[in-house]
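So this first bit is one chain, no partners, the form predicted alone, shown in structure tokens.
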């Protein structure tokens, strides 16, 4: 369960800034120059990371600056972990 707002990443080139906050279901907002080009892959990636963490809902905003998939996965996972801090897991 997401209990607080948390972030991971930067706005540097080839990185992304991920912000996570509590929400009853998945709310995804992807910003960046290639957001529409990779929309399907991006949603699938977020859903996969959420499932791996045992979560069903969160509001996730990704400001993508050209990050590789491995970077996206790491930033999303870290932001989710930080948002769960203090919660019984």
Partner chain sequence: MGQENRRVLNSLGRSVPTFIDGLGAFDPYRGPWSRLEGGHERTHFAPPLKGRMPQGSKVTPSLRQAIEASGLQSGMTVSFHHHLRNGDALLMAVLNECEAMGIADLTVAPSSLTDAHEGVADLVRRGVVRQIHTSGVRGAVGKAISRGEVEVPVVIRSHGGRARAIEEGSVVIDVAFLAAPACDPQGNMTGALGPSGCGSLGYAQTDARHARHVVAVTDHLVPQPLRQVSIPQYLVDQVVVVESLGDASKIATGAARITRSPVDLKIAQDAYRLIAASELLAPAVSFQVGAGGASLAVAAFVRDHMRQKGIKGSWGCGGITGYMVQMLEEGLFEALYDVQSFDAAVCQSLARNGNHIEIDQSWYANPLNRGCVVHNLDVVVLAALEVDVDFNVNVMTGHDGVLRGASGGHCDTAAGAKLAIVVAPSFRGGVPSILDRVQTVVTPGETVDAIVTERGIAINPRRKDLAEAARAARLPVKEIADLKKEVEALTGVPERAEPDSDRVVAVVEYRDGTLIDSVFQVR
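It should be emphasised that the depicted structure is a prediction, and the values quoted were computed from it without experimental measurement. Positions refer to the first chain, counted from 1.
One more form of this protein exists, namely the form predicted in complex with the partner chain; it is left out here, but the text below deals with it.
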{"query": "Exercise: residue 48 in contact with the partner chain in the predicted complex, heavy atom 4.5 Å", "finding": "no"}
{"query": "Any non-hydrogen atom of residue 40 within 4.5 angstroms of the partner chain in the predicted complex", "finding": "yes"}
{"query": "The partner chain contact in the predicted complex: residue 33, any heavy atom under 4.5 Å", "finding": "yes"}
{"query": "Proximity of residue 66 to the partner chain in the predicted complex, heavy atoms at 4.5 Å", "finding": "yes"}
